[in-house]
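Okay, so here's just one chain, in structure tokens, the form predicted on its own.
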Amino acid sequence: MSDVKLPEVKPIDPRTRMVARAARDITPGMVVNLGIGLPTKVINHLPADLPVCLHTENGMTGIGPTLPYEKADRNLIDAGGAYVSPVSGSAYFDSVVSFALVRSGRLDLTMLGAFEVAQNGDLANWKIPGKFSPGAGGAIELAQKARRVVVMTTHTDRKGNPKLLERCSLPLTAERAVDRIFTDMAVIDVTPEGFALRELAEGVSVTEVIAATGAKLILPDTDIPTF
């Protein structure tokens, strides 16, 4: 028998899988805002030659991959404080101009984190009562003004409670705003009839998603693709 040891193949982290899948919803020509948290990681899963314009509400359009501290320009950060790199055509401006872009409806897509999402698209992502919050931030206007709003979040909280609910119990960021939800278990669309299951994470069953969802889940009539 050979003594050669094959390299260990590490399983893909569910959150990394989710982020990579969400990146595939960004198409050429889009102007996209990546919110604080998981959405900021999407940038590292986009092809380098993909013609998109990434926006961060603290004052920059045209954003390249995040950089380690030793390679970064310390003046260039995204809204979450990560060091980012410029690309050809990058622009810098103050928050007044940044939010003028948001309020005027120029964002094709915004990707946001969430504490809870209701089956009608209500979004709660800024405040958990009893815990410190720096404020609602730009998410209120991003959720209201972007042409399409998607959420990236774990399917349940740290205690195993569903984040996808019939009604949000936490203070709302925006009403009826969310179009699509990416979780570590599934891709789910918000439809007039409620949550509709579109895709499953590899290794996750429909039964598991139903059990982890706090509202009715509409299932497709055909085989469900995986990501």
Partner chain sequence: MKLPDKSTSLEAAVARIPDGATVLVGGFGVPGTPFSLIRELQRQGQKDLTLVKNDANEAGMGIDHLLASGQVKKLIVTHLGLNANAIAMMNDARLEVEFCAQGILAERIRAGGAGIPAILTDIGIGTELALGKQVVEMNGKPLLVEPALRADVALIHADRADPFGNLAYAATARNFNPPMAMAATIVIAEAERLLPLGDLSPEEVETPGAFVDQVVELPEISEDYGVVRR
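Take the two forms, find the largest set of C-alpha atoms that superpose within 1.5 Å, and that set is the rigid core. Since the structure is predicted, the reported quantities are computational estimates derived from the model, not experimental observations. Positions refer to the first chain, counted from 1.
Note that the form predicted in complex with the partner chain isn't included here; everything after this is about it.
Listed stretches are 183 to 191, 55 to 63, 41 to 49, 160 to 168; the contact stretch with the partner chain in the model of the complex is 55 to 63, by a heavy atom cutoff of 4.5 Å. Of the listed positions (Leu76, Leu107, Val150, Ala118), a single one reaches within 4.5 angstroms of the partner chain by any non-hydrogen atom in the model of the complex, namely Leu76. Checking Ile26, Leu172, Leu197, Ala201 against the partner chain in the model of the complex, a heavy atom within 4.5 Å turns up for just one residue: Leu172. Remark: Thr156 does not count among the residues lining the partner chain in the model of the complex, judged by a heavy atom distance of 4.5 Å or less. Although the partner is absent here, Gly81 sits close enough that one of its heavy atoms falls within 4.5 Å of the partner chain in the model of the complex. For the chain shown alone, Val87 is not a contact residue for the partner chain in the model of the complex, no non-hydrogen atom being within 4.5 angstroms. Among heavy atoms of Gly138, some come within 4.5 Å of the partner chain in the model of the complex. Within 4.5 angstroms of the partner chain in the model of the complex, the stretch 97 to 135 places a non-hydrogen atom from each of Phe99, Arg103, Trp126, Lys127, Ser133, Pro134, Gly135, taken in sequence order. Comparing the forms between this form and the one not shown, the C-alpha position of Thr191 differs by less than 2 angstroms, with the core used for superposition. Remark: with the core as the superposition reference, the CA shift of Leu50 between this form and the one not shown stays below 2 Å. After superposition on the rigid core, the Cα of Leu67 moves by 2 Å or more between this form and the one not shown.
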